[in-house]
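Subsequent text provides structure tokens for two forms of one protein chain, presented individually as structure 1 and structure 2.
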Structure 1
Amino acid sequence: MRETPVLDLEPGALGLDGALTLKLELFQHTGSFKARGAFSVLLAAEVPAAGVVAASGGNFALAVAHAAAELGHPAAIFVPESSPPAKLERLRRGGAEVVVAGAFYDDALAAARERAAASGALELHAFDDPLVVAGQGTCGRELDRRRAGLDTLVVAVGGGGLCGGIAAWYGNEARIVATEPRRCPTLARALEAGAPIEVEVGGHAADSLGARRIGEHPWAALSRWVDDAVLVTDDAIRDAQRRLWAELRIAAEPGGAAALAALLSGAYVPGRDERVGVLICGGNFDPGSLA
């Protein structure tokens, strides 16, 4: 892994009263934190000769393809027909077998499972695996080592792998503010229900935060250690992307800017002198959309 850089912002930056520490995890291998979880699984697991399979057209697919190639395992990535050709090309360049299977994610998932059952390949799940959660948590450990004593971590939630891992690292030592798009309220609904439930998802950040159900393993950490679960609108996410670019020259994808959106929109308002860390967790998008 790369140790991704940390950027300390002075009070007043981005129009916020307090100081802020950004963890720039979008500069990780394959452009998001997902590489941490992929390596965590592949280094701990007994990988069969048939290699690994995963269903994803997004950041997790890039991470699995990269980690498998680095470690010398064959990788088959099952994607729905809706996946952009540029992403498929990037997966192929990374050395993965890319299988276009069905119209929707669920079709790709079913085909991936069929392949795993037939070939004996190891199926990787994007977030519902303790090794994946632990891997994503290393991002929190790194930040904690560089900036000890942060009071609060603001983290985006899709399936919960990153936020669950970071919550598990900090435990009760810091406040965990989980942030979701209003149109992907997977954790918010789970907290209301007292357990993960399936929700409808959509909107601007659904490509990376659009898991329809919190994973059981992330839930074990999130339900214990998340202090605030806040929701942000798609417009707030777009505004956070625009301001990251206009004021800092950081080009973050929608899901990568969602945690910052919680602060910029006032969904979470830190106290005076609260030391806040924010995860900028991905950059896989078309930067032309910032213009």
Structure 2
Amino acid sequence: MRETPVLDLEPGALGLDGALTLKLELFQHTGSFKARGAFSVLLAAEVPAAGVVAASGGNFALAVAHAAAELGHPAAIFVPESSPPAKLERLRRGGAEVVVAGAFYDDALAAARERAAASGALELHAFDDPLVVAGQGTCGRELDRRRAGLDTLVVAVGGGGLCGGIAAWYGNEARIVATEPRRCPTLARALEAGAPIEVEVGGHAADSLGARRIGEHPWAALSRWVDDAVLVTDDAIRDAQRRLWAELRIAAEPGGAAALAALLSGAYVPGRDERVGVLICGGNFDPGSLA
């Protein structure tokens, strides 16, 4: 894995009073943190001759295709219709079989499970696997080693693998602020209900944060260690993308900018001397949309 850059911003950057630390996971292999979880599983698994099958809105698909190719395994990737063309184009160039199935992630997951049952291939879940959660958590371990003593981590949530892994690493040593789009309130509704439940999803970041239900394995960490769960609008996510590009020349996809949107929109307001780390977790999109 790449040890991705950490960028410390001066007070006043992006119009925020406090100093921020950005963990730039969009510079990871395949453009997101997902490669961590994919390698974590495949290095531990007995992979059959039929190879691996995975469902993803795009980023986990890219990660599995990359990891499988590096380790010499065939891969079939099922993606929903909501996947951005930029992600599909990269997938098709990577050598994996690509199948478009259904409108959202859960539809693609159902199709992937049918293929795995019929072929004997190993099914990889994008977030609901303890090895995936552990792999994503190495991002938090890296950040903790590079910038020890952060008070707060702000992390986007889709199925919960990244935020769950980071929460498991930090435990009670830092405040964990989970951020979701208002139109993908998977964790927010689970916290209200006291358990994962299915929700309707859509909106600007649905391709990467559009899981309809929090995974059981991420939930074990999220329900224990998340201190705040905030919701942001699609407009706030777009604004975070534009400001990252205009002021820092960082081109982040909608899901990748969602955590920063929590700070820029005031959904989460840090204390005066609070040391805050923000995960910029993906960059797979058409950067022309920032114009």
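Here, a residue number simply tells you its place in the sequence of structure 1, counted from 1. Model, not experiment: these values are computed from the prediction. Between two forms, the rigid core is defined as the largest C-alpha subset superposing within 1.5 Å.
Participant: Quick check on the two chains I just loaded: which one is the form predicted together with a further copy of the same chain, 1 or 2?
Facilitator: Of the two forms shown, it is structure 1 that corresponds to the form predicted together with a further copy of the same chain, while structure 2 does not.
Participant: After superposing the rigid core, is the C-alpha displacement of residue 103 2 Å or more between structure 1 and structure 2?
Facilitator: True for residue 103: a C-alpha shift of 2 Å or more.
Participant: Against the rigid core, is the Cα displacement of residue 192 between structure 1 and structure 2 at least 2 Å?
Facilitator: No, because once the rigid core is superposed, the C-alpha of residue 192 moves less than 2 Å between structure 1 and structure 2.
Participant: Could you check, with the core superposed, whether the Cα atom of residue 220 shifts 2 Å or more between structure 1 and structure 2?
Facilitator: No.
Participant: Give the rigid core superposed Cα shift of residue 88 between structure 1 and structure 2, in Å, rounded to one decimal.
Facilitator: C-alpha displacement of residue 88 between structure 1 and structure 2: 3.6 Å.
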